[in-house]
Every structure is written in C-alpha cells, then in structure tokens.
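Coming up is one lone chain in structure tokens, specifically the form predicted alone.
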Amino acid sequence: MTRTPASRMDACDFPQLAALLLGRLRSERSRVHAITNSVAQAFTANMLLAAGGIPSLTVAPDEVPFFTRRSDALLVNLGTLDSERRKAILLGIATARDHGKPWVLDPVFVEASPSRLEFAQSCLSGEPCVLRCNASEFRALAGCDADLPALQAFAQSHRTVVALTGEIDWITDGARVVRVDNGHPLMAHVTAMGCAGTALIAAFSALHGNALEAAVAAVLVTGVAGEIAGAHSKGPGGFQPAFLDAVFNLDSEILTTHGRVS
C-alpha cells in the first residue's frame, strides 16, 4: 500500500482530501487492527466497514503481533484496560514501530485512574502518529488546560499530532492548527463514537503521509456524517445506524457542501 506524500494544504482542500482518502480506503480495503474497549468493538468495526476498511479486533497477546503485522495501521484504545489488553497494547505498539506502521492512541479516561494515566504516558513514549483525546484526557496527560498553545507545545514535545475533539475539533502538529466545526449533539449520546472516529484516523494515516492532514480528513468525515445522521434521527437509538449509512454514502460533493474547516 502506498501513502500519498506529505503536503501543505489550505483549509478549503480538506474536503477533497477526505473524499480522496475515502475513495482509496474503499478501493484498497486498508486493514486496521483495533485494540479497543469491549463496548466499542462492534461499532468501531462497523465504522471501518462502512467507510470501506477492514477491521480486526483480537486482544490476545499471542495473536496481536501477527494481526498488527498484517494490518496497515494500529488503533490503541485504553477504554477497558484489563491485564490482557495492557500486554496486547505494548506488543502491538512494538510491532507497529518495528514494521513502520502508523498507530494512533486514544487515552480513554486517563483522568480517572493514576495507573491508567501512567500506562498512557508509557504508550506515548512509543510516538503515536496521532493522539486523539478530549479536553479532560488532555488535561490529565499534559497537566494543563487544553488551550491552543498547550496543544501545540504537547504535539511538538511528543512528536505527534494532537486531535482534540469536542464541540469544536482542533488538530495540530505543533506548527499548523486546523479547526473543524462539523458534528451534531447526538454524537455525545452514543457510546464509542470517539473510538470509532479514531479508527478512521488510523485508516487514513495508513493512506496519507501527513498525519495532521489524515487526522483532519478523518475528523471531517466523522463530523459531516454525524450532522447528516443527526438531521434524520429522533434520538440516539436511530442515530447510530443513520451515522453508518451516512459514512457509507459520503462523497466529494457532500463533504465539500457540508465541510467547515479553517
């Protein structure tokens, strides 16, 4: 699998990039190995399938190196951090690094547990290409509020891209800062939405040589699909299938019409 080269994109170019990467994902069927929490596994897999990718989900430590090696990218999600997943995560990260595969970290609930925070810090030393987190998680990892200077400083010091998601999404590699204003309030009422979006970041990172641009494209796809699903849903129960349908049907015209990137 080839990765499109790094570039310097303007904000208006991101909807086209998102459409391009979706098209490549659909045609090349990129594989993402997702070490994720038990609650998020099904929705994460369905998100990748709806977008065109292929998921694998084993957390067995004796299998993870082999599944990571045959995948194009790795997702590490700390949601249900049992002893088996701890071993699997470290093996997956080591394998991804040894084989030059991009990997993405989702440090779920690191603010809730000192041991989880310590483990997340050790994962960060493995240099994920993207850290996808919310404001509370970032505050725990960085020891400060999630303002733009702090996001940039953290990205620079850890040689990663920080994708801070929330009502407004901010993505930075320490130098560039991109804002995405897409999304819908119902996204906060469906479990595993962030986990699934992070899997798409991993898939796009396997296809594009600039981690910031891949992350922006994936966040944009997730946000636009969320808006479309929210407009056709009466509540959380109908939102999840509507979201998967929206991802499946996204194209360049829809992304260009709905995308709000600056």
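Predicted model only: the values in this text are computed from it and were never measured. When you see a residue number, it is the position in the sequence shown, counting from 1.
Although it is not shown, the form predicted in complex with another copy of the chain is what the next lines describe.
- In the model of the complex, Ile254 stays away from another copy of the chain, with no heavy atom inside 4.5 Å.
- Among residues of the shown chain, Ala231 is not one whose heavy atoms approach another copy of the chain to within 4.5 Å in the model of the complex.
- Contact between Gly166 and another copy of the chain in the model of the complex is not found at the 4.5 Å heavy atom cutoff.
- For the chain shown alone, His99 is not a contact residue for another copy of the chain in the model of the complex, no non-hydrogen atom being within 4.5 angstroms.
- Stretch-level contact analysis of 126-134, 112-120, 175-183, 150-158 against another copy of the chain in the model of the complex, using heavy atoms and a 4.5 Å limit, identifies 112-120.
- The candidate spot formed by Ala42, Pro55 and Glu84 lies fully in contact with another copy of the chain in the model of the complex, as each residue has a heavy atom within 4.5 Å of it.
- Residues of 208-245 placing a heavy atom within 4.5 Å of another copy of the chain in the model of the complex, in sequence order: Lys234, Gly235, Pro236, Gly237, Gly238, Gln240, Pro241, Leu244, Asp245.
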